[in-house]
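Here we start with a single chain on its own, the form predicted alone, put down as structure tokens.
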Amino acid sequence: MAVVGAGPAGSRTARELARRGLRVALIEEHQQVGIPSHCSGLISPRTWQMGETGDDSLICNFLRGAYVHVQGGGHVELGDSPVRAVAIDRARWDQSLARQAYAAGAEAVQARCVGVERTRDGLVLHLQRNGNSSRLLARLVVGADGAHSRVARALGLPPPRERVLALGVEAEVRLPRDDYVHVFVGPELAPGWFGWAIPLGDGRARLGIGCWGGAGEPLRRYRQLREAFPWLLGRVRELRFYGGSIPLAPAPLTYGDGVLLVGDAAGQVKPFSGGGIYTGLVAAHLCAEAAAHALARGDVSAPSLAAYQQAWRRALGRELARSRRLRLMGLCLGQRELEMLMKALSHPRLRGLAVRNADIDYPSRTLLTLARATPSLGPLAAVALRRPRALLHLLGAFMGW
């Protein structure tokens, strides 16, 4: 069988399949796995452990808190807690996970998959490398090839329902604290999403912004972000720009005859933050399990593979749905409402709850805990009167709609 894409989800799927004694080709289009990197590389300690790399040199920085800024200039500080996240060298992290797959027996294939077609004998993958074409026959194909999955398109699986465009920047910049992330929100600042600054230590950081709009919109918004916070981002030396699109809703269908989708290709991304490494690793284990069972039965039809979608939705679906509702609630808020909520978060009890319950893999748990707290009720009632649609999304998050 074949796994297309050697990102974290693809490499982990290939490793789990190879450990089960299956012959698997791990296909990666780039000459080096993980390069170029298109990710901010911020993960939880839980996700770090799941990577099983055993190499602490892959950690660039430890993060203990965050400043949340609104475009009018106000901010709230949430932190002074144990380590909540680590910034990693994403390229080397991906390479480490790929090496685990190779060590388990997966075959490394450096080629670009330009198409997949069904035949009587199985699925034929059309590959290109250095101008040369080749074909690979597989009984089952796993598409782990990102938000614009060629595997999904070629085999007629629908794409994730929503995406934002994002721009990332590796830069030299001095931020106030090396152990605090900065998050920037506001309907005029980053419509559809948010901006960020992640310190790496030694005067370096990863900056970025995501938003709705056309191809040039993230760059325009990034420039506006710098102008809006000159005291923080006024002296930046940009070293590298990168970007892409981030799916913020699961694909409607993540399986078909002879095919499974995992990671960004399946839209298995946290809608509130855009992080997909944790969710991709969880789904990869379930993907490999479903694929192995189907191959053992000799039946790789869609009905045989449907258990995969049921399994990953049981594991991740509730959190993804709740986080999406909370994101939609945030998108309903104007500048005035955001300032009200930021002021409410400055209340000592809410700040304490936020610090104690912070979990970037399950953000809805933190946010819903804060929403239930007494100091939140007044601001939420005021928001409900001004933005009733926001209240509906909050109720949907509570109910798991």
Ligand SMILES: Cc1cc2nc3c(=O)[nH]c(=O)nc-3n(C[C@H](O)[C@H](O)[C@H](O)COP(=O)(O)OP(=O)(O)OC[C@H]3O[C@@H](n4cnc5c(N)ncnc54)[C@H](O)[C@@H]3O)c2cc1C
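Start at 1 and count along the sequence shown; that's the residue number. The model shown is predicted, which means the values in this text are computed figures rather than measured ones.
The form predicted together with the named molecule is left out here; the points below concern that form.
- Within 4.5 Å of any heavy atom of the named molecule in the predicted bound form lies no heavy atom of Arg356.
- The closest heavy atom approach of Trp196 to the named molecule in the predicted bound form falls within 4.5 Å.
- The closest non-hydrogen atom of Gly41 lies within 4.5 Å of the named molecule in the predicted bound form.
- Taking non-hydrogen atoms only, Ile246 approaches the named molecule to within 4.5 angstroms in the predicted bound form.
- Contact annotation for the candidate site: Ala166, Tyr242 and Asp264 all lie close to the named molecule in the predicted bound form (heavy atom within 4.5 Å).
- The stretch that touches the named molecule in the predicted bound form, counting heavy atoms within 4.5 Å, is 145-153, out of 229-237, 184-192, 145-153, 326-334.
- Contacts between stretch 1-16 and the named molecule, counted in the predicted bound form as any heavy atom lying within 4.5 Å, involve Val4, Gly5, Ala6, Gly7, Pro8, Ala9, Gly10, listed in sequence order.
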